[in-house]
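Coming up is one lone chain in structure tokens, specifically the form predicted alone.
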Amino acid sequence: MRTHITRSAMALATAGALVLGGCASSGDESDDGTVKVGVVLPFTGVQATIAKLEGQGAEVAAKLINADGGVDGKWKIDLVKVDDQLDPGRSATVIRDLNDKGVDLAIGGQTSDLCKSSAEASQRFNMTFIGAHCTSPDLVDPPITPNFYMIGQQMTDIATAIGTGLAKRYPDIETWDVMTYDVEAMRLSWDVAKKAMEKELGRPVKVGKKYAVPVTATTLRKEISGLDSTGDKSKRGLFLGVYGAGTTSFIQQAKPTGLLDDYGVLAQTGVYWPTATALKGAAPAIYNVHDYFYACQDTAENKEFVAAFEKETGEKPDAGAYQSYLAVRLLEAAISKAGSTDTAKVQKELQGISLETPMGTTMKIGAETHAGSGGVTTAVLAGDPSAPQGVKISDCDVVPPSS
């Protein structure tokens, strides 16, 4: 079990990193009035479609900030993208590349494993790293490194929200089949969701077939064959703790078998939007949970964000785009509050900082935990050729932060 790190210990660790990172850039304000922000994502490989949207969210934030005069009217944001290829082993290399380019502030981390490795590599180079998309509670409280901050909502909050929502919306489901990625955060998503369902229902939830597949898996026919079920579909549900290419592969390979029609409800904790749009109006209805769905928010900031994203990309933003957008906005707020782009000063201001979000909730970074809390949203996403990008979003429920 990880022991807690005190403030003094964190300060000593940070001081040590300054010595070890002596070859890194100083982090002082740049002479040309810019601040470089690294964007670390798997821009190639099986999850590149998601990474593209995540990167675009950061681009939209930077363009809006720059068009408004820059951070605090002093510094324009210059995004520097690097490709970690969904491989934690590459983190040291890509972080070193950012360091060589004079980058002291970075965002990214599509998975919790990538957040961990990137945070550790960043600490060696005296860089600040914001995990925009990771969800594992083990990364925070205390933070894995003093320079790491996480704004992706913790999987415990995400899974609790979907479990509670499923119990309320589909109380007649008696048995759940389960397929998740074989990584801790996604396996945890089912365990927590099941516990939340049982608490809401006041009875045990039965588990049928259960599979865990690699995050890089694209052939799922063995699992699909094993999930082939019979019986009353109104009493059966399928819980998916996968996302992106995994969800796309699963639907494409399962649909011809008729498996998707064997369940009364399909639910998913991972991002579904990119898969649903790729299916061009034919996406099966899935009860989904994530930080954000563009159609579920009715705030002035959300309208600005959606309009800017559409202008830039011709598409609607998804949760990954929102998270990257928020990460860049968070750095903007911390730099402005610090009156400096120095990484140590920015880290100090990130602790306990608050930011109003397009969701209409307040994102607050825990001073001790370095974890963001901004609420999550549940909704049903279903193929509809008449809806924007062929996906209808309905039955929205914004779940505010628990504290």
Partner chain sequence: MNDIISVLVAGLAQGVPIFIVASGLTLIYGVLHVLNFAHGGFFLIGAFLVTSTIQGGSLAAFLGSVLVAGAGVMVVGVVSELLVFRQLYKAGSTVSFLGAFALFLALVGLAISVWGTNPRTVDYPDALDGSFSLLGARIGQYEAAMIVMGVFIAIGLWVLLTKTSLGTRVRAVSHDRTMASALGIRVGRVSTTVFAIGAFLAGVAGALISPVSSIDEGLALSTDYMLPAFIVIIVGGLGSVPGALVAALALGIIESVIFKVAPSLSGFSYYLVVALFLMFRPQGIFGSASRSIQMAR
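We call the rigid core the largest set of C-alpha positions that still match within 1.5 Å between the two forms. The structure presented is a predicted model; accordingly, all values stated were derived computationally and were not measured. Positions refer to the first chain, counted from 1.
Below, we turn to the form predicted together with the partner chain, even though it does not appear here.
Undergrad: Can you say which of 166-174, 286-294, 264-272, 240-248 gets within 4.5 Å of the partner chain in the model of the complex, counting heavy atoms only?
TA: Of the options given, it is 240-248.
Undergrad: Counting only non-hydrogen atoms and a 4.5 angstroms cut-off, does N66 reach the partner chain in the model of the complex?
TA: Although the partner chain is absent here, N66 would stay clear of it in the model of the complex, with no heavy atoms inside 4.5 Å.
Undergrad: Answer yes if any heavy atom of A338 is within 4.5 Å of a heavy atom of the partner chain in the model of the complex; otherwise answer no.
TA: Taking the distances in the model of the complex, the answer for A338 is no, it never comes within 4.5 Å of the partner chain.
Undergrad: T299 near the partner chain in the model of the complex, any heavy atom under 4.5 Å?
TA: Because no heavy atom of T299 falls inside 4.5 Å of the partner chain in the model of the complex, the answer is no.
Undergrad: Is G45 one of the residues lying within 4.5 Å of the partner chain in the model of the complex, judged by heavy atom distances?
TA: Residue-level check for G45: yes, a contact with the partner chain.
Undergrad: Consider the chain as shown here, without its partner, and state which of A217, L201, L79, A308 has a heavy atom within 4.5 Å of the partner chain in the model of the complex.
TA: By the 4.5 Å heavy-atom cutoff, the listed residue in contact is A217.
Undergrad: In the model of the complex, which of the listed residues (T34, S354, Q351, T49) lies with a heavy atom within 4.5 Å of the partner chain?
TA: Exactly one listed residue reaches within 4.5 Å, namely T49.
Undergrad: Answer yes if the Cα of T248 shifts by 2 angstroms or more between the shown form and the other one on a rigid-core superposition, and no otherwise.
TA: T248 C-alpha, core-superposed: shift of 2 Å or more.
Undergrad: Just checking, between the shown form and the other one and with the core aligned, does V94 shift 2 Å or more at the CA?
TA: No, the C-alpha position differs by under 2 Å between the shown form and the other one.
Undergrad: Please check if T180 moves between the shown form and the other one, taking a CA shift of 2 Å or more relative to the superposed core as movement.
TA: Yes; T180 is a residue whose C-alpha shifts (by 2 Å or more) between the shown form and the other one when the cores are overlaid.
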